[in-house]
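Single chain ahead, by itself, as structure tokens, in the form predicted on its own.
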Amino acid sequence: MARSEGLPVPGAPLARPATEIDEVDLVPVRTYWQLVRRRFLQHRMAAIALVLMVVLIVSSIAFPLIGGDAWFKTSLTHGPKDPSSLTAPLGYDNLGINIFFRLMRGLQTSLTIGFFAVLIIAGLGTTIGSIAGYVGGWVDNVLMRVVDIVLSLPTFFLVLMFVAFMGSGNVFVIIFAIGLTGWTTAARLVRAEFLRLRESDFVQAAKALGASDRRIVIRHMIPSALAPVVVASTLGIADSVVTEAALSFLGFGLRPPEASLGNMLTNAQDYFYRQPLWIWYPGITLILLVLAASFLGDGLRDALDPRQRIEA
């Protein structure tokens, strides 16, 4: 006899009641910045670079305060032959100056130049790029042609000419020279983001609600376009520090008694064979600083990209 429909088949699992809800793996909802932090921490070299950058910054602030005037104070009782001690872990140079405190002072100066130059680069690049991308038309064409002209010129020689004309040895001149010649990349990145964002739904909705152009740009578009600027600024710190070191090494940067990583390399080249460690100290510090900024920029680029997947 045929089995009636709806009756359970022997050996088959019984169907669960309709009221029973299947268990679902609930995925916690994360905000954008939580995803950014997790993607950044998964980039191990970037996380190490962040720790190294923090150590360099804290050291450049704390040790010059502890040492006081030891970074430029000469002493007739100390010389290169004196052994290292707790107060002078790297010894003394030919003038009796504490090398460790002078190195920390030079690191502080180089970081100051790098950070303030990047502020000018980010501010000028964001302003020009946002105007070009939001207004468009002939304004965009004119501003982009200016960017193309600046990009076609050798940047380092422009900085060199600016410093030589305005007066070398001044930290503010060096900061402005680097900032006024390095904003083009940030401008192009911001312009590209604005060209994409100005057609987005939230910008069109803000226009429909009667928001002014200024409010749309400052409150809505610039925060959404800051990700590439942050990456470019982080990488720009490394470029600015290297540029300052090159200027000082050529004699157009900071001059003694002021200390920077560049002029420490310049002063140590005369003692390359007798005291090679005097070149190694600022050289290794400069390499660590540039590597930390570079890996930090790479990590931020991956972390701020929403298309990057998060490993389980």
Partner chain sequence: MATYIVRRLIQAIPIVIGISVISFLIVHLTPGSPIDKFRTPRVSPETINNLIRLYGLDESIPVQFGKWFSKFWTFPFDNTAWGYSFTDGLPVRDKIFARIPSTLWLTGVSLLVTVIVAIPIGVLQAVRQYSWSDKIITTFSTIGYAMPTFWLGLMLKQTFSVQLNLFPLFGQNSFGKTGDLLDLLWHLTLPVTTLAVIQVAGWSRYMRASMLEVLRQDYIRTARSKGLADSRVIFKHALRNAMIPIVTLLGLTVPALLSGAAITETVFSWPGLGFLGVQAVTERDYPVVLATVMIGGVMVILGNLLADVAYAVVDPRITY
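Since the model is a prediction, treat every value here as computed from it, not as a measurement. Positions refer to the first chain, counted from 1.
This next part talks about the form predicted together with the partner chain, which is not shown.
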Checklist entry - Can we say 148, 151 and 160 each have a non-hydrogen atom within 4.5 Å of the partner chain in the predicted bound form? => result yes
Checklist entry - Within 4.5 Å of the partner chain in the predicted bound form, heavy atoms considered, which of 35, 47, 250, 57? => result 250
Item to check | Listed range touching the partner chain, judged in the predicted bound form by heavy atoms within 4.5 Å, from 276-284, 48-56, 35-43, 61-69 | outcome: 276-284
Checklist entry - With the partner left out of view, is residue 31 within 4.5 angstroms of the partner chain in the predicted bound form by any non-hydrogen atom? => result no
Item to check | Contact test in the predicted bound form: residue 165 vs the partner chain, heavy atoms, 4.5 Å | outcome: yes
Checklist entry - Is there a heavy atom of residue 176 lying 4.5 Å or less from a heavy atom of the partner chain in the predicted bound form? => result no
Item to check | Non-hydrogen atom contact residue 156 with the partner chain in the predicted bound form at 4.5 angstroms | outcome: yes
Checklist entry - Taking the partner chain in the predicted bound form, which residues of 235-267 have any heavy atom within 4.5 Å of it? => result 242, 245, 246, 249, 250, 252, 265
